[in-house]
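This document opens with one chain alone, in structure tokens, the form predicted alone.
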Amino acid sequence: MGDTLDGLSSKRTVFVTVGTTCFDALVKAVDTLEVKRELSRRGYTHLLIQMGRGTYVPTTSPGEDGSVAVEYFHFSSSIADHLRAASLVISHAGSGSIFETLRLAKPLIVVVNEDLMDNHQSELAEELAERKHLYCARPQTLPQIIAGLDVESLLPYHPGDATPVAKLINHFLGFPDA
């Protein structure tokens, strides 16, 4: 990753997603010079921001001066292609985004939206970070998390097998074993 191929620099994209929500604090955090410099220092070349319903518009850049190239969009019918192409994902704490990224075995930083009431998302992100499947940040701590990022220390996420639970429910409901 980040090595050269035939003298050309390889593209290393950071994909940022806020889902369908408005999470301007995250978009503002990744739009700072501090975060962009840290990403560049770590070998990332492109920053693609999916900003959802947000109103804060990040500064775009072609990245021609050696800085990180920056693009953004509001929505996409599917972010799966962006996740697959990413070298690093920075995401809101929505369970769908988290588990889709983990299934693809992509390094992940989850940024918790502290403005949400009854924020169960932070519990999920913090638990998965404690288990070393991802990094957990707040908008204000994102630069420090990126600076200390060690993607090699992350452990693969292996989803559990729900088959025994489904069989038990089917048995309880009187359905035949399949």
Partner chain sequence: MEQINQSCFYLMSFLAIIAIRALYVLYLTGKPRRNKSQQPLSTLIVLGSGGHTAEMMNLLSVLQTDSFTPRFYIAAATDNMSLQKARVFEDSLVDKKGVKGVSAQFTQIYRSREVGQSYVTSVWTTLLATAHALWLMIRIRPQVVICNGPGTCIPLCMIAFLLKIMGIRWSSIFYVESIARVRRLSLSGLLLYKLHMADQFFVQWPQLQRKYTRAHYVGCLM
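Numbering follows the first chain given and starts at 1. The shown structure was predicted, so the numbers you read here are calculated from the model rather than taken from an experiment.
There is another form of the same protein, the form predicted in complex with its partner chain; it is not shown, and what comes next is about it.
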For this session: May I ask whether 124, 131 and 162 all come within 4.5 angstroms of its partner chain in the predicted bound form, judged by heavy atoms?
Result: yes
Exercise. Would residue 155 count as touching its partner chain in the predicted bound form under a 4.5 Å heavy atom rule?
Worked result: no
Exercise. Heavy atom to heavy atom, is residue 103 within 4.5 Å of its partner chain in the predicted bound form?
Worked result: yes
Exercise. Quick one: is residue 95 in contact with its partner chain in the predicted bound form, heavy atoms, 4.5 Å cut-off?
Worked result: yes
Exercise. Do residue 120 and its partner chain come within 4.5 Å of each other in the predicted bound form, heavy atoms counted?
Worked result: yes
Seminar exercise, completed: Residues in 152 to 176 that come within 4.5 Å of its partner chain in the predicted bound form by at least one heavy atom, in order, are 157, 159, 160, 161, 162, 163, 164, 165, 166, 168, 169, 170, 172, 173, 174, 175, 176
